[in-house]
Each structure stands twice: as structure tokens, then as C-alpha cells.
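Quick setup: one chain, the form predicted alone, written in C-alpha cells, and binding and motion questions come after.
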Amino acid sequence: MDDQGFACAGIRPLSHGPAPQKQRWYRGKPIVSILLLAGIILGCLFCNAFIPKDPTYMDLFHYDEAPGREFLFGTDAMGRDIFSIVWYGGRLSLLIGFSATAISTAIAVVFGAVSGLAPRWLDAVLMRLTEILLSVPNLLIIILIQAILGKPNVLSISFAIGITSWTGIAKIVRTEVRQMRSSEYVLAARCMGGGFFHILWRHLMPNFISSIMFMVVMNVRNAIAAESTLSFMGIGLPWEVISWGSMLSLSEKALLSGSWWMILIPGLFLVVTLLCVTNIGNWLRKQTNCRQSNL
């Protein structure tokens, strides 16, 4: 008989390797994009504290001047200090972006919730309307609405962009609401006499807000880009109204005069802002997908 001891089956020896490190809070988060975007927003909001010159003052003795010690980013064709008007003009661009997004989000939430709670035939009609609007390029509709509204200003451009960029969010809201409308808490609220907006605000929106947040952030980016595109085409804000788009509308004269700083610097601010917003939106989308896959 073999003189070996008994061995315990199913028990692994303890490993004495290094303990797993706790994942740091900033891993996977777009920290650089958040800091850059926060810096641009704060700089635009509080630019009066550090801009060296009046952004509306036209110094005709220093027009088309290259970047230097007195004018850090140079001057434009009217002698305005580009360093000052870049920060000052960012206010209007960001205001249009957030205002248009607020309008589009409000329309999308109400429209999507109505479609999700409506009978099947009405839901089909509303979705066909949404698909028709999705098939038409947004820029053409914005130009048409802006032509109807007349002379462009901040409110008219925000309104024109806002009422044309709600369709994508509305489809997501409709899908989420149709999944939740048979839930016990929604049925209980309807039996107790809760109105449409009460149910939407208290019971439905808290459950689908995370699903649309990344599209809301992307709509901010799209609105800023649309305003700049309209101004670049000459049908946006006039040049005397300072914004990133109106600064880029002078690019044709800048190319003819060789003033590269009039295009590069405002365009760089615009591109960095759009890239930061895009990066944050993509991170929110990934977070939403991970959360839904874990359910």
C-alpha cells in the first residue's frame, strides 16, 4: 500500500502575488476634454476680467496686423483685437449652442413621450413624420426657416437650429417610453389621475434621461457648428455681431490679404471646442451602453 497522505480536492493554494490595485477615478474619463471645455467656457463668461482691449473698438491704424506683443493674436481687417473678440465672441456661439439644444430637447422629449404613449396608429403617423424630417438635410431647413424669420439674430438662429434638430432624440425617447408605459408605477400614476406632464416629469424622464444625455451633448456641438456654417456662408450673424462664426465669415478677405491669423485662431478655438464636446458625448454614449448591457 502506498504510504502517501491524503490530498484535499477542490482547494487551490493561496496565491501570494500582488493585490489587485483599485481603479483610479479618472481612468476612462475624458479629463483633458472636460478641463479644456471648462476653461473655454469660463474664459468666455469672465473674459472682461482679462481681455486687454475693447472687442468692439476698431483701431484703423493697426488693421491686418500680425500677432505680436501688443496684439497677441493680431488684428482683423477692421483693426479689432482678435484675442479680445475670440473670448468675447465665444459667448454668443456658446449661447446659441445651449439655447438651440434646450429648444430641441424640450420638443424631442414632449414629442417622443406623446408618440410612446399614443395608440398604435397615431404612433405610426408621428414616426413617419419624424422619418420624413430626418430625410431632409438640417441645413436646408435651417436656411428656409431663417429666410422666413428675416434678418438673422441670436434668437432667430437659435430657434431655427433648435426646431430642426430634435428628431434623433425624439426617436430614442419614444422607444424608452414604450418600454416603460406598462410599468406598475406609470399605471398607478395614471389611475390616480396623474396628468401627462406629471407622469413625464416624475416617472418617465428620470428613467430615460441618461439614454439621451449623449445626444443632448452632441446637439450642442451641432448647433455651434451650424451657426458657424451659416455665418461662413454669409447668411448667419452679421460681421458687427461678434461670434466665432461671424469671425470666420471674414475668411475670404483674410485669404486675399494673406492674414492667416484671422482664420487659424478663431477656427482653432472652434475646432477644439467641438472636439471636446464630441469626446465627452462619446464617453457618455459608452457609459449608457455599459449601463444598459449590465441590466
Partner chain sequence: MSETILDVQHLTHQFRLTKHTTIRAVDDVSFQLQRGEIFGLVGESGSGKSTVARCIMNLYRPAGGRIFYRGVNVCDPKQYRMHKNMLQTTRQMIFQDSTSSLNQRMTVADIIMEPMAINHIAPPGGSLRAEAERQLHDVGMDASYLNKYPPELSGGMRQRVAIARALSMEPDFIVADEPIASLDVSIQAQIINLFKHLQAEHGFTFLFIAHDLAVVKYLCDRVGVMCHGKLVEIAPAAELFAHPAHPYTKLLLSAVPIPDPRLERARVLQTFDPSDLQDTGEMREICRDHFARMPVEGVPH
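Numbering follows the first chain given and starts at 1. Bear in mind the structure is a predicted one, so any value in this text is a computation, not a measurement.
The form predicted in complex with the partner chain is left out here; the points below concern that form.
Contact with the partner chain in the predicted bound form, defined as a heavy atom within 4.5 Å, holds for exactly one of 132, 192, 148, 140, namely 192.
Between the options 122, 78, 102, 188, the residue in contact with the partner chain in the predicted bound form by a heavy atom within 4.5 angstroms is 188. The putative spot formed by 184, 203 and 206 is fully lined by the partner chain in the predicted bound form; each residue has a non-hydrogen atom within 4.5 angstroms of it. At a distance threshold of 4.5 angstroms between non-hydrogen atoms, residue 198 is in contact with the partner chain in the predicted bound form.
Across the options 68 to 76, 154 to 162, 206 to 214, 106 to 114, residues that bring heavy atoms within 4.5 Å of the partner chain in the predicted bound form belong to 206 to 214.
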